[in-house]
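The data below hold one chain only, encoded as structure tokens and taken in the form predicted alone.
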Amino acid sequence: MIMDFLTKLTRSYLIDRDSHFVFRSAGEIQFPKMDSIDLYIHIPFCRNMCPYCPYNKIRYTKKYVAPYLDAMLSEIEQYHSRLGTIEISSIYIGGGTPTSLIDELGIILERINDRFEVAGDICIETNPADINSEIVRKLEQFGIDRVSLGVQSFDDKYLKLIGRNYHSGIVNSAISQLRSKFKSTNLDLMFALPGQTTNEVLTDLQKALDARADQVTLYPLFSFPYSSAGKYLKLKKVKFPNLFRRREMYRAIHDFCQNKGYQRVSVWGFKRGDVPSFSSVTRDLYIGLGAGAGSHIPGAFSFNTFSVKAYIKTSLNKKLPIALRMGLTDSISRYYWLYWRFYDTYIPKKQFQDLFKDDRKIHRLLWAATKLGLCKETEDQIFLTESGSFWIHLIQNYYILNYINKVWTVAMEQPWPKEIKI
């Protein structure tokens, strides 16, 4: 209740109107002229349905694979007919487990390369159970540049708790097969698991660093009411660490990584040396392909239908499978940009001044954040302190995940919702 009140208060202060925050039935979307865009590819298939995972997914079923591939190829053609041969600045492939459709991915990427000018990196996420020499060879063949491996934990006790279908013994083998094959290899780890201690988190972290991970990204266990994890935790009355415990864990993670020479690249992520950073969320403008994929184009945010069956049927009928759309005002777009720069923990001053030079409200907020020790300034940038990173981490937990929960809860039940207020 308190956070809902603060959400409305913040919106009222920054935006003035709450009515902007509504997804409605999309209808026909008009695309502005664009010279370049990023792409997101969503592969919803999983052989292991992890109960904590909130993302749009279905159990791997062979009968859907070929139709899903055909539907995605049709969706690519439809975007090509609307946008022309524009530049693709980067490609991110997520899921689900994208490598569960490894051969189909090769066909999808080949079609994208045929229809557009792919100029940037191609990033993919996967998990240790999916990695073998043949998979790695194909990822290299497809031009994949950066890989994120969902390790989650090196402790079998916690792997079992969160429903992973492998033991910790295969993790190092998977890491060794990926190491040095790509520009960057990121390891995802989880913390704040039920019963987990700070020392256990740091033990996992040390093992990731010992494996020479280019980057480590640590997330707390998220729980959504519609997910099986959310239902389980509610039924079993398992509580996450309280605020003070979570604060202790975050500070320990932050200090540990920095003391080991890893540079902070987001509120969650730390990388070593000059390797490129890995991020799944900080692209400004992008088009999403696949069931449940989101798109952010100038002036609008949208989601494809979450239903795999509806996605296949609609796309094969040569219609874009966009189910929901929310218009974005210029001010909301600016705040969207700023939110993700806070996620990066670094805000370029020149871009900030260009976007917010007349926005006295946001300047007041930054002044207050500086006085509270949440951020500092250099000549070129504004950056979050460790304390600021922690509080942004909590804000992200509530605001973004609360919005995701509201949309996902309806969209997973209704292929074509009429309206969702967030």
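Note that residue numbering follows the sequence shown and begins at 1. Since the structure is predicted, the reported quantities are computational estimates derived from the model, not experimental observations.
One more form of this protein, predicted together with a small molecule, exists but is not displayed; see below.
Of the candidate stretches 52-60, 65-73, 378-386, 357-365, only 52-60 contains residues with a heavy atom within 4.5 Å of the small molecule in the model of the complex. Of the candidates Gly120, Gly294, Gly106, Pro220, Pro220 is the one whose heavy atoms come within 4.5 Å of the small molecule in the model of the complex; the others do not.
Contact with the small molecule in the model of the complex, judged by any heavy atom within 4.5 Å, is made by just one of Ile253, Leu178, Ile287, Met190: Met190.
Although the partner is absent here, Asp204 sits far enough away that none of its heavy atoms falls within 4.5 Å of the small molecule in the model of the complex. The small molecule is not shown here, but in the model of the complex it comes within 4.5 Å of a heavy atom of Gly96. The closest heavy atom approach of Gln152 to the small molecule in the model of the complex falls within 4.5 Å. Residue contact check for Lys271: none of its heavy atoms lie within 4.5 Å of the small molecule in the model of the complex.
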